[in-house]
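Below you'll find only one chain, the form predicted alone, shown as structure tokens.
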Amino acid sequence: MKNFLIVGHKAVTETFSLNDLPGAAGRMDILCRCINAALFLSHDLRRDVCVFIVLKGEPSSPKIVRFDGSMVRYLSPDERSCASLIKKALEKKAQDFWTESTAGVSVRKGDMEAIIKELEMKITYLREDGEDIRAKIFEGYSNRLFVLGDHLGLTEVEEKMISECEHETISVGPLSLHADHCIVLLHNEMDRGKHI
């Protein structure tokens, strides 16, 4: 599996209205676009991808929602469909272990640290000032956790957490891009056989 972790610092941790994803839901639209970018092909899903979104907004402690591309159902390539599955996940009682809400979608309590500990994989942190993705050949992408921030990036504490693990920092290009665009470009490099 190719694993993606996106941190939503404002994303709400309780059920929300589907009519205001950027506002009241705490920029849930960003996370939905990232999930879609990570999972969708033109007429199929990437079955070898797992996406973890960390919701750190109000009103409760952080929660993680997982989308497993090999098992997910009822997901269409639009933000509202994705947000609906996240909303259903948040309706479940989050615990210290995964609880499935719909096929291929699960929720648990926790923060970025919980996923890092659970997966125990080398981290590839996507950041503007990282090493150019085209300047090096990567090995073992299926045993990698790709980490991206939302519109706020990652905090110093989160970056320190990454620095304490086996990691590398890469950039997909010279300009500042949205997180979902970075995921598309990363997939494109992997699809072309760069062995990221």
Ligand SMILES: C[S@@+](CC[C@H](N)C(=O)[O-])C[C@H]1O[C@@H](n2cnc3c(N)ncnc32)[C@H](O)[C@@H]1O
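Sequential numbering from 1, following the sequence displayed. Since this is a predicted model, take the numbers as computed values, not measurements.
Keep in mind the form predicted in complex with the named molecule is missing from the figure; the text below concerns it.
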> in the model of the complex, which of 35-43, 123-131, 160-168, 55-63 comes within 4.5 Å of the named molecule (heavy atoms)?
Replying inline: 123-131
> So which of 31, 51, 145, 148 reaches within 4.5 angstroms of the named molecule in the model of the complex, heavy atom to heavy atom?
Replying inline: 148
> Is there a heavy atom of residue 177 lying 4.5 Å or less from a heavy atom of the named molecule in the model of the complex?
Replying inline: yes
>> Although the partner isn't part of this model, could you tell me whether residue 172 comes within 4.5 Å of the named molecule in the model of the complex, counting any heavy atom of the residue?
In response: yes
> residue 182 near the named molecule in the model of the complex, any heavy atom under 4.5 Å?
Replying inline: yes
> Judged by heavy atom distances of 4.5 Å or less, which residues of 11-47 approach the named molecule in the model of the complex?
Replying inline: none
